[in-house]
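The form predicted alone is given below as one chain in structure tokens.
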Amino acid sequence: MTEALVVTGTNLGVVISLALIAGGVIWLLVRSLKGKEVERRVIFGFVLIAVSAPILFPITFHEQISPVVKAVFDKIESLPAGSTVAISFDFDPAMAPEVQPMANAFTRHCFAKGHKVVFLSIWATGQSLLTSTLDTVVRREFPEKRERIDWVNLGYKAGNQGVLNVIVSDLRKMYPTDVNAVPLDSIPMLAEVKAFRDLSLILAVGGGFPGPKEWVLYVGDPGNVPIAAGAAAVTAPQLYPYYPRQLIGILGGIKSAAEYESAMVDKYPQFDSVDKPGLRMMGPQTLAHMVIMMFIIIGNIVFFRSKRMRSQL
């Protein structure tokens, strides 16, 4: 649920965005009531304006966190400082706009709480996206966090669910070294982590195969490890049967990412100035949905008005 409007950018920009949309809706209503046809290209052009205006003149919304998202947030909050958490980047660039904001928010939250993080991917395309998070979040926002002391990058490992089936009981059998060929036995952070069943929490970010479902089946259930999921909106419904017994929480789509980012700002005001792509995307999406709703309302008004006029003839 969108709780409150928060302006980013100039007040003039916000006025321009809302004026363009309100003016367009009124024009369409008046033209429709006069019985004049509105061409399809005009409708498409108006939707383009409704989406582009809040991008050029940013509008963001404060999001109220939903229970299924709050369960993930609360779990990370409740872990004692120094807990070891894994974040798996199991997605490709096509899915990244929806799910990478989740991975970034998880990373930020874990480090803010003082947890140690194991980064990995069982998708080949996930390695570069993992590196992007390390560059934009870890090294930029938490320069004091030391590699192999506070976090470790295991990188990509081929094998799909076969990898999961092994690391749940023996991490070094599948990952003898980290991504830079440093033996795991020489990494202080992993001295007490012999297998993924030793972890405090696993955050599976993805939506395809293998993804959160396979993490539940091959690691969460047999290893009795708490697992939370971040998934694209189109695949999130497939995960809800696993909530709340096998998945402690689920982030589904950019709306959930925005909710998590908003909760982070509420709890940790110092992150108000960092990039929050989830919240940034909700402005254009919300206004576009409002415009579509206006189209439906206008269509119904015109329909019932014309029906009444015909009945009076």
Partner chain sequence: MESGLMHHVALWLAAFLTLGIFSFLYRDNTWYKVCEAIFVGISAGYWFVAYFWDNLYTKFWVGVWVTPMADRPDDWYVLYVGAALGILMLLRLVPKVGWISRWPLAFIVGATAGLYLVTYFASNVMLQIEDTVRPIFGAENDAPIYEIIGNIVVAVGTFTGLIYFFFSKEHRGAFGRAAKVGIFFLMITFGASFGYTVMSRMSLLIGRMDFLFSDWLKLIK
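In this text, rigid core is short for the largest set of C-alphas that superpose within 1.5 Å between two forms. Residue numbers count along the first chain shown, from 1. Not measured: the values here are computed from a predicted model.
Beyond what is shown, the protein has a form predicted together with its partner chain; the following relates to that form.
Inset, instruction - Within 4.5 Å of its partner chain in the model of the complex, counting heavy atoms only, one of 146-154, 79-87, 133-141, 234-242 shows up; tell me which. - result: Only one stretch passes the 4.5 Å heavy-atom test: 234-242.
Inset, instruction - Although its partner chain is absent from this view, report whether M281 comes within 4.5 Å of it in the model of the complex, heavy atoms only. - result: It does: once its partner chain is placed as it appears in the model of the complex, M281 has a heavy atom within 4.5 Å of it.
Legend entry - Contact label in the model of the complex: P97 to its partner chain, heavy atom within 4.5 Å: Yes, P97 sits close enough to its partner chain in the model of the complex that at least one of its heavy atoms falls within 4.5 Å.
Inset, instruction - Answer yes if any heavy atom of I26 is within 4.5 Å of a heavy atom of its partner chain in the model of the complex; otherwise answer no. - result: Outside the cut-off, so no.
Inset, instruction - Using the partner position in the model of the complex, report whether K255 sits within 4.5 Å of its partner chain, counting heavy atoms only. - result: Within the cut-off, so yes.
Legend entry - Answer option from V51, V265, V274, I248, heavy atom within 4.5 Å of its partner chain in the model of the complex: Going through each option in turn, the one that passes is V51.
Inset, instruction - Kindly confirm or deny that V30, K34 and R308 each have some heavy atom within 4.5 angstroms of its partner chain in the model of the complex. - result: No.
Legend entry - Stretch 30-64 - residues with a heavy atom within 4.5 Å of its partner chain in the model of the complex: Residues within 4.5 Å: R41, F44, V47, L48, V51, S52, I55, L56.
Legend entry - E39 C-alpha moves between the shown form and the other one by 2 Å or more, core aligned: Yes; E39 is a residue whose C-alpha shifts (by 2 Å or more) between the shown form and the other one when the cores are overlaid.
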